[in-house]
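Coming up is one lone chain in C-alpha cells, specifically the form predicted alone.
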C-alpha cells in the first residue's frame, strides 16, 4: 500500500485487476484498489489490504481492467477539431499560412472555440485523457467549455505579433490574457496561462512581456520551439543563436515554461532545457505528418528533461488519440536510435502520465494516483481480442500491453476530479450527437468559403494578406538597343531631362499562369538592389497579380489598361508554387539600370535592361502610369518625343512584354 494517506473521509473504493499508480517508483498492484474521498485520492494499494482497512466504504469493482491515472495530452489546440482534415499533405508553412490562418481569420470566434472544445473533450475522454494543455484564441471560452465538460486543462492564451482573431494587436492580447488569468486563477479544473506562439510569430519584446505576466501570476508559459529546420536557421540568421539559446537570453525560462516540439535541438540546448526545468511536449504524429522531423526524446530523458506526449492540434494530427501517440513515440525512439530498448513501454506510460503532468507544471495536481492528488483516473479493458492473452511473468508486461496492443477504444471509464465523465463507454457530461450535428454545420460554412476562395487566384492572394488594389492605365514603349553607353549619354541631357533618381537592380521574375479568366498572370519579383561598387545592398520582394489587359498602340507607344493587385512577398518561391498551384510558370532574369526622370513636365521610368535568362540582349523600356485614359494618351505623345530625343525610331518600338519575348525565345 502507498505510504501516504490524506485525512479526508473516504467515499468510494475502486478495485481492478491492475492498479498502476505512476508514482516515482511506478508502483503496480495486482489486484489493486484506490480509495477516493470526493475529489481526491486517499491512498492506493493491494486490493485485500485496502478492503480490510476500509470495510465500510462503498465499493465498485471494475473487474479485469487496468485502473491508472488519466492520460495527460501535453499540447494541443482543441478548437481545431472543427478544422480537422481541412488541408492535408502540405508543408507546414503552406498548411499554416495558406490555409489554417486564413480560415481562422474568417471563422474563429468565441462560439467556434466553445463548440470545438466541447467536441474535443468528447474525443479526449474516449481516448482516456483527463488533462490537456491548450494553446489557442479565446481561451476564456475554451476554459468555460472544458470546465462544463468536467475536464481538467491548462488553457494558455496565444500572443502573436500580428492581429489575432481575439485581439487586433499584441498589446490587447496581453491585456486580455491578464484579465483571463485573474478570472480563472483558482478554478478547481482550469489552470490559466500565457502562450506566445513561436519565435517567428513574436518579438523579443512580446516574449519578455509574456514572461513577466507568467511570473507575476505564477502560471505556465507555453510556446512552440525548434519545430522545423527553417525556424532554427531563421533564428540563427536574425539573432545569432540557436532557438533554445535565444529563448534563454530573453529570460523566458524564468517562467514555468513548457515547449512544444523541440525537434531540432542539440546537446547544449537539451542541457539548457534540463537546467531550467523546461517541460518538452513531444508530438510524434504531427511532426511526422508535417515532415518536421523526429525529436531526440531519448537524449532529453537521459539529460533529465521532463517530456510529455501530445497529439498537437487535430488539424495537424488529425486526431486526439493518445494511445496511438504513445505507441508511435516508443517506436520512433527505437527506430531513430537503432536501439530496440530505447524508450521502453513503461517509460512511455510515465511520459503520458506523471512526466506529462510535470512537463506542463501540473504534477502537484494530477498525473499519478497518490494521496492528496485529484481523483483523475481511467479504466482500460484488457479483454478485447487484440489484447489477448495476458502474460504475468514480467511485471512490466502490463505496460507493454497498454502501449503496443491497447487502443483508445479499450478505455471504458473516465473520472476527473472525483466525478465520472464516462462510464461503460457512455459520456455522462456531453451530448455527442448534438455536437456532431453542430460540427457538420460549421464544416459546411468553411467548405463554402474555401470553394469560393480556391476558384479565384485573387481571393487566394488576399487571403495571405497585405494586398493593395490598383486599376491603372499604363503607357509603355520598348526597343532593342545595341549601344547602351550612347543611350545613357543621351539621358544626361540636363537641358531637357531632369533625373530624379537612379537605381541599379538585378531582377528575378517568376510568372505563374492559371486557367482562370480573371487572371493574366501572377508575378513573384525579387529585386537585388546593387550599390555603386557592384555589391548587393538590399533586397525587395513583391507579388503582382495582373488581370487581363486591354492594349492598343498610340503614337508608337503601347497603351495598356488592366487591374493589378500588389502584395508583399514574405514566403519562399516554393511556398507560392505549392499554395497557388499554377498550371505553368516561366522565369525571366534581367539586370536593370533605372532612371526616374521628368521630361516636358511628365514623370517617366526609363529602364535599360539586359535580359540574361533567356539571353535576349539589351532593351530600352520607358513607362508611365496614370488613372486616366485621356492622361495616358497625352503621355504617349510626350513619350514619342522622348523616344525621338533618345534616337529611337517609331518603327523600332516593340509592342510586346518581356515575358512574351522570353516565351518566344524558349
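Positions refer to the first chain, counted from 1. Since this is a predicted model, take the numbers as computed values, not measurements. Throughout, rigid core stands for the largest set of C-alpha atoms superposing within 1.5 Å between the two forms.
One more form of this protein, predicted together with a further copy of the same chain, exists but is not displayed; see below.
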Given 431 to 439, 162 to 170, 555 to 563, 140 to 148, the stretch touching a further copy of the same chain in the predicted bound form at heavy atoms within 4.5 Å is 431 to 439
Note: exactly one of 570, 423, 409, 583 sits with a heavy atom within 4.5 Å of a further copy of the same chain in the predicted bound form, namely 409
In this chain shown alone, the residue from 203, 236, 229, 496 with a heavy atom within 4.5 Å of a further copy of the same chain in the predicted bound form is 229
Check, residue by residue, if 126, 388 and 400 all come within 4.5 Å of a further copy of the same chain in the predicted bound form, counting heavy atoms only. yes
Quick one: does residue 589 come within 4.5 Å of a further copy of the same chain in the predicted bound form, counting heavy atoms only? no
Might residue 392 be said to contact a further copy of the same chain in the predicted bound form, defining contact as any heavy atom within 4.5 Å?
yes
>> Is it the case that residue 85, even though its partner is missing from this view, gets within 4.5 Å of a further copy of the same chain in the predicted bound form, heavy atoms only?
In response: yes
Discussion item. Quick check on residue 130: any heavy atom within 4.5 Å of a further copy of the same chain in the predicted bound form?
Written reply: no
Contact check, 293 to 320 vs a further copy of the same chain in the predicted bound form, heavy atom within 4.5 Å, ordered by sequence, gives 293, 317, 318, 319
_Core superposed first: is there a CA shift of 2 Å or greater at residue 200 between this form and the one not shown?_
no
Residue 221 C-alpha relocation of at least 2 Å between this form and the one not shown, rigid core basis
no
Superpose the two forms on their rigid core, then report whether the C-alpha of residue 581 is displaced by 2 angstroms or more between this form and the one not shown. yes
